[in-house]
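Before any questions on binding or motion, here is one chain by itself as structure tokens, the form predicted alone.
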């Protein structure tokens, strides 16, 4: 007779922790590949298009970076909030509002020339995301309202605001009836260099340094980590929860808004409905990236690139292999579940005893 017990781990080596994460991630990918096989896809084609082609083909690498940059920038903001024990899922809506603010800036100040125009658009996007995160931050800090609910609700409000603009006052009369805005002025468009979005990549890397400095080197970062580790002790030490909640969500929102502005100015160049959406669901993918990076700013770089490659490969699978529309969402969900499973095995272990 077998007896299975679950015991808490009180100590675990970094090597074992890393091994658990790698094994869990590989398991998640294999489960997704199995799902694809069930749909009739060749497993070799699936794995090749998911991992090899998006990172080795020059053309595909450009697409991978196009997804990795906004995912990574938003994931950096989320690492801050999650380290404080605040679980925002509002990057999607904050990204959308950041794009709206950047678009308004481009339309209103179309006489400004680059590079000033680009800087203003990116700052406007960051401001939009910050403002959109303030209400959930205030509600969390003052009334301890569940931030998961408020940030999620604000995502849908942001969607509705975008729809109002593209179907209403910002709808282009030259879009042949499609709900699209006018393209932003050329002075606000970020052009790649030899196919590589240099400004986007530079912004991402600078964001990594900035978030590392905030979390690891600043007094506020210490307060954030203190609340995340022991809220009672942090409160007893006189650390203001209102300050932590408000600033965490505001900074996270600013990063998401910056990502939205980058996507608008470098990829989409106009606002549109879901098919042309600036956000493309990347705000939710950023949640996976943050947890995959173990809430460490430096690890966000590889995790964002990996997820950018997986999205690129997932879209290829959908188009070339004829897979369902939600294939990318299924992949993200499976990977996120594998990360959650990894956390479980890091904190607990199974003990199997045989009884006679």
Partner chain sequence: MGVNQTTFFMKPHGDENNYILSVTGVSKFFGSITALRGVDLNIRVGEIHALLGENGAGKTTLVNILYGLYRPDAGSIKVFGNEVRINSPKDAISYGIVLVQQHPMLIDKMTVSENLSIGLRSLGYLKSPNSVKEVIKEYSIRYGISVDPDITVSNLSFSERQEVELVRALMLNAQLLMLDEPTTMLTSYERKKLFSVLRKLKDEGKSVLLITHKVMEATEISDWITVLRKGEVTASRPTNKYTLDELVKLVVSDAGVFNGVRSVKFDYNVVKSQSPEVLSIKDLIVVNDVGGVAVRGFSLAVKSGEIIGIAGVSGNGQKELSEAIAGLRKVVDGRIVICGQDLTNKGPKDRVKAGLAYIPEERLKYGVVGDMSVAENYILKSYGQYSGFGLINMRKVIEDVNESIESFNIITRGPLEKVKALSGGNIQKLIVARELRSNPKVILAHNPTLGLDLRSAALVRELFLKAKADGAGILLISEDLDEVITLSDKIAVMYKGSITYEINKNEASRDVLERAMLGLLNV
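Numbering follows the first chain given and starts at 1. Quick caveat: nothing in here was measured; it's all calculated off a predicted structure.
Keep in mind the form predicted in complex with the partner chain is missing from the figure; the text below concerns it.
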- Message: Would you classify residue 108 as touching the partner chain in the predicted bound form, given a 4.5 Å non-hydrogen atom cut-off?
- Response: no
- residue 223 within 4.5 Å of the partner chain in the predicted bound form, heavy atoms: yes
- Message: Quick check on residue 89: any heavy atom within 4.5 Å of the partner chain in the predicted bound form?
- Response: no
- Given that the partner is absent here, does residue 230 sit within 4.5 Å of the partner chain in the predicted bound form, heavy atoms only? yes
- Contact residue in the predicted bound form, from 131, 239, 120, 112 (heavy atom within 4.5 Å of the partner chain): 239
- Item | Residue among 146, 202, 116, 218 with a heavy atom within 4.5 Å of the partner chain in the predicted bound form | 218
- 121 to 129, 136 to 144, 210 to 218, 75 to 83: which one contacts the partner chain in the predicted bound form at 4.5 Å, heavy atom to heavy atom? 210 to 218
